[in-house]
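A lone chain, given as structure tokens: the form predicted alone.
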């Protein structure tokens, strides 16, 4: 965070403002697109093919609300940490501490899931070529280590690489769509034979909401770039909303292809649905393209997760919510290098569990807690600083409808998660309660409240 100059004085080293809308898009879509390659299909296991589609559209509405709310608040509170920075300015320290943990845990768990996908895919391909028993764990370590090094070296290079590999991964889905000839139903795609009614009724649709989040989980990560974009008022809304449109398109074509190639019973349990879809076409070119697309989507996601988790951890250190040691900025690369390195073994440890659905669930639950905060935060933001009282980079329409809709959708998804993973839900809630107690009784005394409010705003209405 600071470095000694030759004159013996301390000079503050800040993060570089080098990013534009395309980098924000690459960060948001790069984190999420792996959800189109894996994870979403567990919603098919819960509610069948049609249940998964309903969950896709229902949760798509949830994330559209998230994108709209985030675009307004983040373009106004342009600081590293995203929702954490919003919470400390609008609500208070205890909420900010919890939101920071939500972000770090959600992204670190997602990073572990991405590394697991890389390892599982390599093991699957090795088995198909006669080399059974390949251990996926070295690939988990290698993936996390290489991407941590990339993040260590600079955010501009990191997100430029993310843009390229995310675009390739998205293009791979388009190539598969063309390859399965949707204009000629029955030749390759067998929707009429494979699609069935809701196997578990509407309760199955509700249960599918949990993994329906995997289509979009992480788009809110665009907020973590707020302190490093050249123009937050332009780049954050444009990059976030265009990213959400990209993901909605990718989610629909992914569902359409997968359910036309695989029975829902198999689709709901495979770890690599889109690669399996390519294998079922028996087209070598499509298999290679989807292998590359799956690898690149997982790498892009893990890369973005390292960026986002480290920014949240760095911001908490800078405000003394965590030891200030984590707030160091590299004097040459201008990255939060200690936060990046500290979270590497955490991601690897969870990746070594091999429990993909459990790791995904912990990531989903952490994200869901953050979205619940967003709805309450947005209403508090508009109440304390009404339109016209401060300059906003973007104003989302129809307030408070998006915030209220988000709150209702979050409540429904909590119930859906409880149906399948009640123990996980209770465990993560207990973790955050214990962490809150620790912060209140031990860490709060180190916080310098006057130093953490960096926005030049007037006093809130009614203060």
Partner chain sequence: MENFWDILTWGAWIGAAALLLWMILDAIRVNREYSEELLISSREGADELLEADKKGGK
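Since the structure is predicted, the reported quantities are computational estimates derived from the model, not experimental observations. Numbering follows the first chain given and starts at 1.
What follows is about the form predicted together with the partner chain, which we do not show.
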Testing 239-247, 85-93, 215-223, 297-305 against the partner chain in the predicted complex with a 4.5 Å heavy atom criterion leaves exactly one stretch, namely 85-93
Find the only residue in 73, 329, 118, 176 having a heavy atom within 4.5 Å of the partner chain in the predicted complex. 329
Partner-free chain; cross-checking the partner chain in the predicted complex, the single residue of 286, 344, 292, 167 with a heavy atom within 4.5 Å is 344
State yes or no: in the predicted complex, is some non-hydrogen atom of residue 184 no more than 4.5 angstroms from a non-hydrogen atom of the partner chain? no
Indicate whether the partner chain has at least one heavy atom within 4.5 Å of a heavy atom of residue 130 in the predicted complex. yes
In the predicted complex, residue 274 touching the partner chain (heavy atom, 4.5 Å): no
With a 4.5 Å heavy atom cut-off, would you call residue 386 a contact of the partner chain in the predicted complex? no
Note that the partner chain is not shown here; using its position in the predicted complex, name the residues of 308-341 with a heavy atom within 4.5 Å of it, in sequence order. 314, 318, 319, 324, 325, 327, 328, 329, 330, 331, 332, 333, 337, 338, 341
